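Coming up is one lone chain in structure tokens, specifically the form predicted alone.
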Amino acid sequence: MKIRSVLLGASALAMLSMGTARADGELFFYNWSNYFPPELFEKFEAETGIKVTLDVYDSNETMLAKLQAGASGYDIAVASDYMVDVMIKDGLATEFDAKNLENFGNVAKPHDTMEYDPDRKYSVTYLWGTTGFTYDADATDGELEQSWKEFFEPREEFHGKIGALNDEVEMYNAASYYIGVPKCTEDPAEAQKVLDVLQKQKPYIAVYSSEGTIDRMSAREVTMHMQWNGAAHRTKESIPNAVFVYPKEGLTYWSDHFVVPKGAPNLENAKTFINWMMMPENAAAASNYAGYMNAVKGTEDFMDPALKADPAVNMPEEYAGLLIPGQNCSAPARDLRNRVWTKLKN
């Protein structure tokens, strides 16, 4: 989840906003920042002749807002599990029958189906992982408890040294797990409890940002950061003793998916790309770069051994019961969550 971004030029952005048709041989890709290996784009272009242009966002909600505003020039968007549901229900996804693509047989169970797209008419899994927090064991006084308490009610040594994701869903959900409130609550009193936790934590926060979490930890600008597990893995390249925590109260298990937005100008190129990404060598390259697991069988021979050795990625079996799947909350619950987040950030 993810800043080594390649941004669209002004002319391309203008074309996207107008929904201008593209010539053959192009693909406009909308993704989280720092979440796809540039060299894999180069390989795809060399093998297919299709030129890829990348635009990036920092949250599912940012991506959704742009599509809802009428940006119709994207051929592929990467959406998290619950956002796939939103896009389908809002008519923002194009049906392309992923199961009919040549390489769909490479998709491993249970990723061949999905709660929000059981027949895989609209999506294919890209990568999947978990959301916890990481701390620098070399810069802290003793081992931390496996609990969200260390993040939301931190020790004084972390004052001004904590990075939080600028993501209302991830932050709200984690606080909900910590205090035992349903993350899709429609009860204002329960939402207030979540807000109380977030406001109490706020003085300890150095920054709310979903980008640059690896660089921020590596530069030791912060000593603790809410992170996706792949970012935690990549943090260990510069801080070997960084620890990714699996909180005992539970943590979100998520998956990200390739979706073709409504009005995609290059549908066949999008299908070519998605089919190409279901080849084991290509899926493994994405995992090795981003630090998350993929959904394709046969990738083991191409995977970085360090991924398999890192408990942040290859989760110990005893933590399996802590995983909580993503959930698309009701409209009243989403509105309540948004009001909590807005009040926190103002």
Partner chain sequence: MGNLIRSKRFWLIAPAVLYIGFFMAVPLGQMAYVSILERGDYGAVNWGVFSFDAYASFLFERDLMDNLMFNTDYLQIFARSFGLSAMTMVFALVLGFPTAFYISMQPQARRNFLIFLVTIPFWTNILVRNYAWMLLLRNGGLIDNGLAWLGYESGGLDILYTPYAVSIGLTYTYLPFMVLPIYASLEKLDHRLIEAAFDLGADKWRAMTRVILPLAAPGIAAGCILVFIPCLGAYVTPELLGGGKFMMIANLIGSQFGAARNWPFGAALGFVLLAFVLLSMMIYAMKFKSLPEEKL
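Everything numeric in this text was worked out from a predicted model, so none of it was measured. Numbering follows the first chain given and starts at 1.
Below: the form predicted in complex with the partner chain, not depicted.
Legend entry - Every residue of 169, 188 and 341 near the partner chain in the predicted complex, heavy atom within 4.5 Å: Per the other structure, all of 169, 188 and 341 touch the partner chain.
Inset, instruction - Classify residue 197 as contacting or not contacting the partner chain in the predicted complex by the rule of any non-hydrogen atom within 4.5 angstroms, answering yes or no. - result: So residue 197 does not count as contacting the partner chain.
Inset, instruction - Considering only heavy atoms, tell me if residue 193 and the partner chain come within 4.5 Å of each other in the predicted complex. - result: Residue 193 lies outside the contact set for the partner chain.
Inset, instruction - Determine whether any heavy atom of residue 206 comes within 4.5 Å of a heavy atom of the partner chain in the predicted complex, and answer yes or no. - result: Residue 206: yes, in contact with the partner chain in the predicted complex.
Inset, instruction - Check whether residue 115 has any heavy atom within 4.5 Å of a heavy atom of the partner chain in the predicted complex, and answer yes or no. - result: Close contact is absent here: in the predicted complex, residue 115 is far from the partner chain, nothing within 4.5 Å, heavy atoms only.
Inset, instruction - Please pick, from 216, 121, 262, 111, the one residue with any non-hydrogen atom lying within 4.5 angstroms of the partner chain in the predicted complex. - result: Among 216, 121, 262, 111, a heavy atom within 4.5 Å of the partner chain in the predicted complex occurs only for 216.
Inset, instruction - Find the only residue in 279, 40, 307, 64 having a heavy atom within 4.5 Å of the partner chain in the predicted complex. - result: So the residue touching the partner chain in the predicted complex, by this definition, is 64.
Legend entry - Segment that reaches the partner chain in the predicted complex - one of 176 to 184, 243 to 251, 133 to 141, 216 to 224, heavy atoms within 4.5 Å: Every other range fails; the passing one is 216 to 224.
Inset, instruction - Any residue of 48 to 87 with a heavy atom within 4.5 Å of the partner chain in the predicted complex counts; write them all down in order. - result: Going through 48 to 87 in order - heavy atoms within 4.5 Å of the partner chain in the predicted complex - the hits are 61, 64, 65, 68, 69, 82, 86.
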